[in-house]
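Taking the form predicted alone, here's one chain by itself in structure tokens.
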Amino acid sequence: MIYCAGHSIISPLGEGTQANIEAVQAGRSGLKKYTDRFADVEPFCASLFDTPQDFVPLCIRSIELALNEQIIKCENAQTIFILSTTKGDQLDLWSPAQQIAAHFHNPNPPIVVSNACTSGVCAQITAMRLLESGLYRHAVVVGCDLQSRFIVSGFQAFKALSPEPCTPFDPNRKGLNLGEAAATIIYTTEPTDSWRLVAGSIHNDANHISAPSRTGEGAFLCLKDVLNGVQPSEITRIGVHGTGTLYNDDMERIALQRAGLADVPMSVLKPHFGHTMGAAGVLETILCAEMASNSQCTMHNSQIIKMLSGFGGVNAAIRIEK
């Protein structure tokens, strides 16, 4: 079994998992309009830190929060560091991972997972596979992305950004909002009283460089895989990708219907945080798991699915047990 031993979230809504949970429960959103954040970029709506952050220190701070009072020794060779990011530090993916691992005196070469918007879930699946193989006993999975002129103007070129706060699955949705965050999950093979990562799947539907499969094929195959051993009726909550874009939301709806999950309650978090890219899969997994445990309607042994999809036809899903 693969257990969660600690976690943290740092976002414009707060520092620490509990602060972010309370913000979501209070209905707060970090989304607002920016008119002059980046030079030569049209006004856009996003969730950004008030003060621009440095990538590596932000990741380190998130990891330190997750490690608080944990017995895991980062300098031990049985611990592996995994960085989930799509753009890294100004498009440098490897150097930040090395700096993060070196800060914690970890002797192993870190792993970088950069697979479009599925990176945060793919990084957790990577951790699960490494721990199950016996190569390591602990994995520190940190996801982070910060916005830039390059990223915002790129999404604007795709005509994918909503000029106002996003409304995923709404018939009149206008697109996505970008976001910034760092989030960390520490996984271990040693039993804890937290949630467990029990299944994971990655599929590529090879449909288009930016558009998802209209039939939700890749997402459906991921859902089918993570449902192995349980019935759709046993799933208590699904953390959907829920970007607010026309085609991605529709693809997810079709995939959920095909998998027999259309009636399962959904968690949609982009209206609070925006699309945090490489951090999204980590941040949203934490919130789905922790908020489910606080829900009066969630029973013991809850089964929760977190799914993501991204450019290039990539799809990923995990199932966790509470």
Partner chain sequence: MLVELYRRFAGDYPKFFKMDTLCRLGFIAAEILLKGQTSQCEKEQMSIILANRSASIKNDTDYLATISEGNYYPSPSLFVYTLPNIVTGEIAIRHHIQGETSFYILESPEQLEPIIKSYFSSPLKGGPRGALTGWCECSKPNDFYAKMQIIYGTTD
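Positions refer to the first chain, counted from 1. The structure displayed is predicted, hence computed values, not measured ones.
The discussion below concerns the form predicted together with the partner chain, not included here.
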property	result
The partner chain: the contacting residue among Phe169, Tyr247, Phe104, Phe155 in the model of the complex [heavy atom, 4.5 Å]	Phe155
Triple contact flag Pro110, Ser210 and Glu217 to the partner chain in the model of the complex, non-hydrogen atom at 4.5 angstroms	yes
One stretch from 70-78, 183-191, 125-133, 238-246 that, in the model of the complex, holds residues within 4.5 Å of the partner chain by heavy atom	125-133
Contact label in the model of the complex: Val41 to the partner chain, heavy atom within 4.5 Å	yes
The partner chain contact in the model of the complex: Ile202, any heavy atom under 4.5 Å	yes
Residue contact check: Ile151 to the partner chain in the model of the complex, 4.5 Å heavy atom	yes
Non-hydrogen atom contact Leu221 with the partner chain in the model of the complex at 4.5 angstroms	yes
Residues within 4.5 Å of the partner chain in the model of the complex, restricted to 78-111 and counted by heavy atom	Thr86, Lys87, Leu91, Leu93, Trp94, Gln98, Pro109, Pro110, Ile111
